[in-house]
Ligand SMILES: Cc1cc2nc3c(=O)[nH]c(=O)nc-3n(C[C@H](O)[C@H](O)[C@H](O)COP(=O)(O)OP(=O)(O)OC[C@H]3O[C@@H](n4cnc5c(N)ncnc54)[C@H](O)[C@@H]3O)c2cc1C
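Coming up is one lone chain in structure tokens, specifically the form predicted on its own.
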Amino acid sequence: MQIHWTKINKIIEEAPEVKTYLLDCPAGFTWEEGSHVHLAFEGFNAGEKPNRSLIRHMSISTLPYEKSIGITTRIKEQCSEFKTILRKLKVGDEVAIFKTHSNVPLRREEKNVYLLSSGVGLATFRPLVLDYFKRADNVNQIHSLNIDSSKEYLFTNIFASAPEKRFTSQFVDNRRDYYLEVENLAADKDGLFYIVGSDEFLMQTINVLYEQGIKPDQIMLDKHEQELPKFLSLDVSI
């Protein structure tokens, strides 16, 4: 396993409690849309076993052509040891990255794509939308639906409806409106549904989709393959 030590080159305040950390791209490091990476801090591999409290699996919110590896995350006042350390980091500080992989690449199957996310989960979808804007081949259209009770919606410069690009974006601030919209979107029985958020959010959204007749192979989750049956079994419930 190759570990890259790289520096933070910029920190963006996206919204209250939400920051994007832009990291320098190490030589030869590349990724595709929907990728995640393991982010770690100094000392994570100092002992016989990795210190897992200093490592997190994080979505990459940028694409390689942007020349930085973007990590967008919410950091609340009360947070984990990992987020506490991350909050204190400054431009020029070093972090480690390793083991990048995409669980949710953009499926180009001549179908409509629906991106369903909660809060900062939208960061996972930012690269998919950018990739689609650069090359719309074999995708009919994309619709993004994001729920964020804070109403501090993210990336509104990108997640703005653009009919000429066959892209629509929708933000809601409560679950009732969100689930009603999911039911409406599920009227497309041939669509592809990407979901990013907490496990509870995934389960609830999948249940709504199943009730509307959507099949497991139409659903994409940012989970390792071995985890998918836990979420996509047809008797899924919370």
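In this text, all values refer to a predicted model and were calculated from it rather than measured experimentally. Just count from 1 along the sequence shown to find any residue number.
This next part talks about the form predicted in complex with the named molecule, which is not shown.
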Next item on the list: May I ask you to choose, among R108, K83, K99, R166, the residue with a heavy atom within 4.5 Å of the named molecule in the predicted complex?
Entry: K83
Checklist line | Proximity to the named molecule in the predicted complex, single hit among L63, M203, M58, A40 (heavy atom within 4.5 Å) | finding: M58
Check: Heavy atom to heavy atom, is R74 within 4.5 Å of the named molecule in the predicted complex?
Finding: yes
Check: Even though the named molecule is not shown here, does V120 get within 4.5 Å of it in the predicted complex, heavy atoms only?
Finding: yes
Check: Looking at the partner-bound form in the predicted complex, is V91 within 4.5 Å of the named molecule by any heavy atom?
Finding: no
Notebook entry, point to check: Hey, in the predicted complex, is D24 touching the named molecule, heavy atoms inside 4.5 Å?
Noted result: no
Checklist line | Region of this chain that lies against the named molecule in the predicted complex, out of 175-183, 205-213, 49-57, 25-33 [heavy atom, 4.5 Å] | finding: 49-57
